[in-house]
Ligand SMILES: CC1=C(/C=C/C(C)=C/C=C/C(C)=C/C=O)C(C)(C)CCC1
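Quick heads-up: it's one chain on its own, the form predicted on its own, in structure tokens.
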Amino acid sequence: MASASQRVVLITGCSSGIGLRIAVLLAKDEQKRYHVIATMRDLKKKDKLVQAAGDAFGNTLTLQALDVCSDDSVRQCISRVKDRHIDILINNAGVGLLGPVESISLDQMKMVFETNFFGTVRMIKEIMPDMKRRRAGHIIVMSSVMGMQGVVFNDVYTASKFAIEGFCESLAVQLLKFNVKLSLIEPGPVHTEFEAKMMEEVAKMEFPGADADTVRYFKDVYMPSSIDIFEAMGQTPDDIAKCTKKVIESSNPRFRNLTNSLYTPIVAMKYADETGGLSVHTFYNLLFNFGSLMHITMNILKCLTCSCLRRRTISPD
């Protein structure tokens, strides 16, 4: 049970990766300012979290089962919290989907939206009324740079993140009237077990329904380029956790929070041309014309990201 001086933080998707690291970082806060309710769909996957939390588990960190895709599960989880009082909601649970769109079924697409979009909306709808009544609270949504800039062969995942960004951008205006803050965290590539496993599995798939050229472009052009991007620009879950903690502790948190300064030029390019042609053709050339020069391109992006651009991001340091 949280003490009167502690802020209650509920985090979804804590079995691994970013959610796990945020939960542990806040639970181990030296000043013990937070009581963390870490949630996951399957409590059988709790071992990594429990081990990482150490002495914080059972003290400043407690664990609950929660499936963001289930109305009943969400209601039951929130009802177990004393007085339903949650100061900070961190929506982290999410799933990825990668590959040629022709080979992806509508059911698979719906599953991504059910978790990434409706799962987040379900959590906000359950918790937001209490925050509005108290005229206090902070809702944080783990989005992605793909919620701002489309990425080839990530069509459905990108669409789910665009959807949640639009939802939050609209909702944030209303919440200001109730003194409730809403912040988006927008990482680029992040090195997690989830990402590594997905990339490994995708490389072995056949992609029925997609033409041979598209499959070849995906496997022989996109996948190697994606690996280059992860190696040159990837952050760790700890980086994202530190960025998130900075947003929580800010007296005036920003709505959008890019975590990776290397992505600032890419996002800026989209807004520099209202027709969209600049970003579309630049990404086309990066993918299909540069080929083996991708590493050089990544180094150029590093050089382009000067100190003034870095101020637009939330640095983990």
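It should be emphasised that the depicted structure is a prediction, and the values quoted were computed from it without experimental measurement. Residue indices: 1-based, along the sequence shown.
The form predicted together with this ligand is left out here; the points below concern that form.
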**Study point:** Position in contact with this ligand when the complex is considered in the predicted complex, options 52, 63, 248, 266, heavy atoms within 4.5 Å
**Key:** 266
Point to revise | Partner contact for residue 157 in the predicted complex: this ligand, 4.5 angstroms, heavy atom | key: yes
Exercise for review: Using a 4.5 Å heavy atom cut-off, state whether residue 56 contacts this ligand in the predicted complex.
Suggested key: no
Point to revise | Contact label in the predicted complex: residue 178 to this ligand, heavy atom within 4.5 Å | key: no
Review point. Quick one: does residue 283 come within 4.5 Å of this ligand in the predicted complex, counting heavy atoms only?
Key: yes
Exercise for review: Spot the stretch among 207-215, 146-154, 131-139, 77-85 with residues whose non-hydrogen atoms come within 4.5 Å of this ligand in the predicted complex.
Suggested key: 146-154
Check your understanding: Which residues, if any, of 219-255 lie within 4.5 Å of this ligand in the predicted complex when only heavy atoms count?
Key -> 222, 225, 226, 229, 230
